[in-house]
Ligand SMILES: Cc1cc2nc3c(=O)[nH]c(=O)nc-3n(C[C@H](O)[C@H](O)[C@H](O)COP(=O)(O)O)c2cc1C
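Listed next as C-alpha cells is one chain, alone, in the form predicted alone.
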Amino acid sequence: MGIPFEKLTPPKWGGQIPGPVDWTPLELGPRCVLDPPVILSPMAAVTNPPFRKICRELGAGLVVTEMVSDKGLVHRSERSMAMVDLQPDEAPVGVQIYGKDPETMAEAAKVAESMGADLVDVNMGCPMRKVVSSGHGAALLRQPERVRDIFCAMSEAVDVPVTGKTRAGWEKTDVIDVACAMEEGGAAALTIHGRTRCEGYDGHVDLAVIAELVRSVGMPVIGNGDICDWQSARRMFHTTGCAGVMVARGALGNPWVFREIAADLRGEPIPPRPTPEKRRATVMRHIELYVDSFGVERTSREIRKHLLWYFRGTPGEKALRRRLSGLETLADVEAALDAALSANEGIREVAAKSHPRGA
C-alpha cells in the first residue's frame, strides 16, 4: 500500500444523509452478478485470499485481487500466480492486471480466465511513481487510443467481462475520453476513483465528475472514493447515479463496512458495531486464514499492518505497537491481539465509571 498511515481513513462527509437507495443487482456477465453491487477494491499487498474471503463473508458482492503484472501472468511466474490464487468459494472474483501492451494484456486475460476469474479488470488508476513511470496504471489516462486497443484485444480474447478502474484524470478531470475509448473497446463496466492522479488521496472525492461520467457513457459506472460506511455509500449512489460502489481504504481494518452497506441496501437495520468478542473472532479468523495460505512465518510479518488497521486511532493501537517487533509465532500474534483488546476495554470501563447511566 502506498498510502501514508495517517491518510488511511477517508474523510467524512457532512450534511444530511440521503434516503434509501433504489438499486438492482449489477449483472456484468452470466458468471458475474453483483448482489449487492458493493465491491472490495483491488489493493496492492492487501487483497490477498485471506482478506478477500473475510470481506466476501461480511457482504461484499465482488472481490478483486491486487494488481498483477501482465507479463508475470503470461510467463506464469510463481509470484504472479501466487498473488492471484483464486479460491473456489470466493466467486464472483475479479483479477486486476496492469500493463500497456494490448497483445500481452490479452494473453494475461486468458491466463486469468483459465485460473477461474469471473471478471478481468485493467488498472488505469494506480498513481505510484514507479508504476506510472513505466507507462502503466494512471499513465494510461493520457493515451485513450492505447486504452481502446487494450480493451479491444482483451474483450476478444476472453469470454468473461473486461472492466477498468481509473481515476478522474491525470492533472484535471478529463476521464470521459478514456471512458469512451474503453466502451468502444468492449469494456463491460468502469470504476472511477473521483480524484485525479495528481490529487493522490487529498481532499474529498469529486462526486460531480463521477455523475458526469455516468451521464456520458452507456456502460455501468461504479463509484469509488471516500466510502467508509453506509451513509457515504448512499451519498455516492444518490449524487452520482452510479450502478455500484467500490470500497478501498474504508475496508482496511473495517471489513464490517460491507455488512453495513449490504444491510442498508436491502432495507434492513444497520448491524451494530462488533462487540469485542465478535471483533476478536473476526480478526482471529483473518489470522487463521493467513496461516493456512502463507504459513506462520509470513503471517507474523504481514499481519502486523492489518492488526494496526483494526485498532488504529484507539488505545489498542499503542498496545500493539509495543509488541510488533516481537511477533514471531502464532501465540505472539494472539497475545498482541488480546493486549489491544484489553487496552480498549480498559478505556471503556473507565468511561463507564466516569459517566454512569442515568447520571
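Residue numbers run from 1 along the displayed sequence. Since this is a predicted model, take the numbers as computed values, not measurements.
The same protein also exists as the form predicted in complex with the ligand; that form is not shown, yet it is the one meant from here on.
Heavy atoms within 4.5 Å of the ligand in the predicted bound form are found in one stretch of 85-93, 103-111, 247-255, 262-270, which is 247-255. 201 is the sole member of 230, 201, 237, 170 with a non-hydrogen atom within 4.5 Å of the ligand in the predicted bound form. Of the residues given (54, 333, 34, 43), 43 alone sits with a heavy atom within 4.5 Å of the ligand in the predicted bound form. Using a 4.5 angstroms threshold between heavy atoms, residue 155 stays clear of the ligand in the predicted bound form. In the predicted bound form, residue 63 stays away from the ligand, with no heavy atom inside 4.5 Å. Residue 163 falls outside the set of residues with a heavy atom inside 4.5 Å of the ligand in the predicted bound form. Put simply, residue 38 is far from the ligand in the predicted bound form: not one heavy atom of it is within 4.5 Å.
With contact defined as any non-hydrogen atom lying within 4.5 angstroms of the ligand in the predicted bound form, 123 is the only contacting residue in 115-132.
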